[in-house]
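Given next, in structure tokens, is a single chain: the form predicted on its own.
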Amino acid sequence: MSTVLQLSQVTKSYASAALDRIDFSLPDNAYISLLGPSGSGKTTLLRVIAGFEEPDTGSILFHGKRLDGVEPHDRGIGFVFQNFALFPHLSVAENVAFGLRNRKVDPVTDARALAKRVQDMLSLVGLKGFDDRAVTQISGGQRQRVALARTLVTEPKMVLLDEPLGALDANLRGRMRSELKIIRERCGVTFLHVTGSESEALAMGDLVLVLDHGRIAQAAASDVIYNRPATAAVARFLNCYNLFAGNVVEDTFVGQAGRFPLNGSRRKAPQPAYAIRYDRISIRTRDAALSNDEVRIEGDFIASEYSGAAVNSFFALDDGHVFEVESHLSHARPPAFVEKDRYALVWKKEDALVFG
């Protein structure tokens, strides 16, 4: 697969380092998710790629050509803003036509040709017949598609999306996920989609990049990120792992929560940590038998949350931390637990991830 974008040692500093020696390559004709918490540098990275800001050091190659000093409108890279940035005084069709009519190089001035391009793009994004609507009179999801159509009609070779679903309600976000993937496949260009939502990143990305303190902590397929996070920070961003700080001492992980025997599998990481995913844990009575390949701790039951397909149960550990267990209802509904009663929380050694 050919490479569309390559960043080498890209740094951008403000009061503190926003981007710190970023290195990655993106494949052509793919959907890429960029995941990271607030303040990790996600939007700064997009703005540097788009040309709204210049990096302090490093190089950016787009289809093999350096972008140093190239103006944003000359890069062949489209940008969809989080707030859509539509012109409220223009109709849907006028918003979509704006970029074609007003670009510096090869503007489309023929009214018939312009109208055809706009109609084709509105059909692509599912807005056929919305030409004369005011953008103030359509839904959030429709405004999102107008913003995307306005970008795609100029035929960019890559599209950057800055948290494009953040302004939409939960139901609409779910529908727009699949719509964005379908539109991207029809266009055949790479989308780089920035999000702070782990479920959104994993659901949409052919490749997921995880940004941590201005650096790429991991770049891999969704299932690899979910099942084998490279660091404790990546596991924390996924919001589905219980994490323990401590140290590895021979074949045991030692921390405030207790001593956990290891199975020998460890990942190199900057800081030692122990992680066990919420859905890998069973809840048992304190006197339940334990097999040789299992690990247990005890906790006091706090509460449960029902989320449709699963129930998440919360326990207070002796060190003060809250421990979470996810029970999928497709297996069996968990029994009702008694508040403040003590339970054994059990998992297999091989299901734990050990960093450091």
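Throughout, we count residues from 1 along the sequence that is shown. Being a predicted model, the structure only gives us computed values, none of them experimental.
Not on display, but discussed next: the form predicted in complex with a small molecule.
S.K.: Does the 4.5 Å heavy atom contact test between Ser313 and the small molecule in the predicted complex come out positive?
M.R.: Contact with the small molecule, no.
S.K.: Any chance Pro27 has a heavy atom within 4.5 Å of the small molecule in the predicted complex?
M.R.: Pro27: no contact with the small molecule in the predicted complex.
S.K.: Indicate whether the small molecule has at least one heavy atom within 4.5 Å of a heavy atom of Thr44 in the predicted complex.
M.R.: Although the small molecule is absent here, Thr44 would touch it in the predicted complex, with heavy atoms inside 4.5 Å.
S.K.: According to a 4.5 angstroms non-hydrogen atom cut-off, is Ser33 in contact with the small molecule in the predicted complex?
M.R.: Looking in the predicted complex, residue contacts with the small molecule do not include Ser33, since no heavy atom lies within 4.5 Å.
S.K.: Spell it out for me: taking the small molecule in the predicted complex, does every residue among Val248, Gly258 and Phe260 have a heavy atom no farther than 4.5 Å from it?
M.R.: No, because Val248, Gly258 and Phe260 lack any heavy atom that approaches the small molecule to within 4.5 Å in the predicted complex.
S.K.: Using a 4.5 Å cut on heavy atoms, which of Ser38, Ser330, Ser307, Ser291 is close to the small molecule in the predicted complex?
M.R.: Only one listed residue qualifies here, and that residue is Ser38.
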